[in-house]
Ligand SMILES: O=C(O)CCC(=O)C(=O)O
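Shown next as structure tokens: one chain only, the form predicted alone.
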Amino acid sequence: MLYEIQTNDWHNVYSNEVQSAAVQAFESGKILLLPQLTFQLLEHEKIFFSTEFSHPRFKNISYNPSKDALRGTTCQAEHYDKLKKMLARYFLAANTLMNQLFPAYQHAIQAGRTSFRPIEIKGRVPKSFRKDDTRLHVDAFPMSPTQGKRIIRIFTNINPQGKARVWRVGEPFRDVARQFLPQVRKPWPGRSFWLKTLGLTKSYCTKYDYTMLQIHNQMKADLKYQKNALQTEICFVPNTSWIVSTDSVSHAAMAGQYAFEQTFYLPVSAMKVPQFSPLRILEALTGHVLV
């Protein structure tokens, strides 16, 4: 499941051979591991190695690069500005890495939110099983339809106590889809229109988005599947980064504290092999156009 890339510099220049191999590994469902790539906090930012700045209603502190605004924090005034600048620095570093490693995606890729994750995963009590990320799942967001775009995420573990970020990684997406597609019910008529009209989704929810959300929910609800599905534990040690397509790599975050994450969205048309995308796999299995 892992494909290693050796670098300790977010601005590193990669050869054509490395870029091509990275694309092939990533699109085929591997996790790109950068075992020497970390993100150093500035001295005045180390105050954020704490949970006191997290809003109790949120599991992460998020930064919206397009609005230059934070969410999920109780910070005010000077601390708010410092925290925002820290997340903005990570966004710029992650964006540079994507451009350097995947230049073929530059014309199409879109940046999403940046997050800082100071809360320990182990022992956290979710509001419902659907929000329990310790259960194997593929990413699908109820309020944020992707309309078929790939979800790409960069993570960096910066834990100062030496704690690994522990994941379980499950079976390939095609196997997941075959398992749960029979349980996907048809949406009620007008569902997408009314969700968008009432502001319950940020954009139009396609058949693909509906199907992915159903698969996400069915995976998390099936405790027998959670126990018996083919899966491997991976420990991402501190000062390590990794890149993963969380819409196709079945994963569960079991433990870990203090990490950064940057989300990107990539249209399927920009992929070298679109057939590897969840959209094309689901269309092939269902025999229907989903977007």
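Residue numbers run from 1 along the displayed sequence. In this text, all values refer to a predicted model and were calculated from it rather than measured experimentally.
A second form of this protein, the form predicted in complex with the ligand, is not displayed here; the remarks below concern that form.
Contact between residue 121 and the ligand in the predicted complex is found at the 4.5 Å heavy atom cutoff.
Residue contact with the ligand in the predicted complex: residue 155 places a heavy atom within 4.5 Å of it. Using a 4.5 Å cutoff between non-hydrogen atoms, residue 139 counts as a contact of the ligand in the predicted complex. In the predicted complex, the ligand stays beyond 4.5 Å of every heavy atom belonging to residue 171.
With the ligand left out of view, the stretch that reaches within 4.5 Å of it through heavy atoms in the predicted complex is, among 68 to 76, 182 to 190, 147 to 155, 94 to 102, 147 to 155. Distance criterion of 4.5 Å from any heavy atom to the ligand in the predicted complex singles out 253 from the list 32, 229, 253, 41.
Annotation: in the predicted complex, residues 117, 133 and 167 each come within 4.5 Å of the ligand through at least one heavy atom.
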